[in-house]
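Next up: just one chain, as structure tokens, the form predicted on its own.
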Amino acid sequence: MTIFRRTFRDRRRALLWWTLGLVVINVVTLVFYPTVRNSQSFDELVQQMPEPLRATFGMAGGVSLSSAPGYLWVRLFSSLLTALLVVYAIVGGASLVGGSEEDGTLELILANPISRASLAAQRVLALAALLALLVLGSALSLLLLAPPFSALDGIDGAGLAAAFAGLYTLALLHAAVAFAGGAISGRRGPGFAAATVLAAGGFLAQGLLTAADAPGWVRNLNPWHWYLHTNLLAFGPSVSAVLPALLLAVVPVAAGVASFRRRDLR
């Protein structure tokens, strides 16, 4: 597991800064919660927003946005926190193989007695571990900082765990797509592009398809719908919010490894 340890070690400083950034976001979000808690006027303002916008940010479902489950879901889990973790996953995934090959450092590593499949697999596992630590750091900071603001009132522990688990698997899926694009092409760009299309397109489609009352099977084609269609903080865990994205992530990883094994380096 030498490659795993090296990949982890090379990115530990960036992980620290990302973790601190997420903690700051949690703090800012919690500080503003008392200003909207149990505010009927805030809920009335939200109801005046266009339906596609409310659906995009998970404001549907009859959950008050001035309650802790509604506020945290909209301010963190369906917006800022999700966006930042997906960005981290895309940047990290695209650079695992495509970035190293584009920089000219991959040939030096492969000059050692290690197979391409092992190198790619260890780097993917390292990124998955780093992403898990980043999510865990955000979760722990929220648990520690929320009580003084009563920001966890009415939130079930299992639902909170499921929200972070679903967030992790959604980000992991984007990391897998970015990795596959870089491993197949030998460049960062295609990995960035493929995963960004999935992220931006999926997020927008979630709101538009929900607002348009599209058939369930159409909405279920979108990984963002799996995570955002139910407020997990209010209604508790959902297998569909966690497991499908985790299973689907295996497909681009396998495709990327298989292509990387067969093709010539750029």
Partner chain sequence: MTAAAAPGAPAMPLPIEARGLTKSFGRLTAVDSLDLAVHPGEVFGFLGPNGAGKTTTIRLLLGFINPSAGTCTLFGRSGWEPGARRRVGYLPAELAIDRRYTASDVIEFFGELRGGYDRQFTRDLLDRFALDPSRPLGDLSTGNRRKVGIVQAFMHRPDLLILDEPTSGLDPLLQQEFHRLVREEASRGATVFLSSHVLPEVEALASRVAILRKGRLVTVASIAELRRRARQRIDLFTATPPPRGLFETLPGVRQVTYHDGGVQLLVEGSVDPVVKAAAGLTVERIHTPGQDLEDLFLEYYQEAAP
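Just so you know, these numbers come straight off a predicted model, no measurement behind them. Residue numbers count along the first chain shown, from 1.
Beyond what is shown, the protein has a form predicted together with the partner chain; the following relates to that form.
Residues with any non-hydrogen atom within 4.5 angstroms of the partner chain in the predicted complex fall in just one of 167-175, 180-188, 81-89, 96-104: 96-104. A heavy atom within 4.5 Å of the partner chain in the predicted complex is found for one listed residue only; from Ala158, Leu136, Ala129, Ile109, this is Ile109. Within 4.5 Å of any heavy atom of the partner chain in the predicted complex lies no heavy atom of Pro148. Although the partner is absent here, Arg116 lies within 4.5 Å of the partner chain in the predicted complex, judged by heavy atoms. Taken together, Leu152, His225 and His229 are entirely out of contact with the partner chain in the predicted complex: none brings a heavy atom within 4.5 Å. Along 206-234, no residue reaches a heavy atom to within 4.5 Å of the partner chain in the predicted complex.
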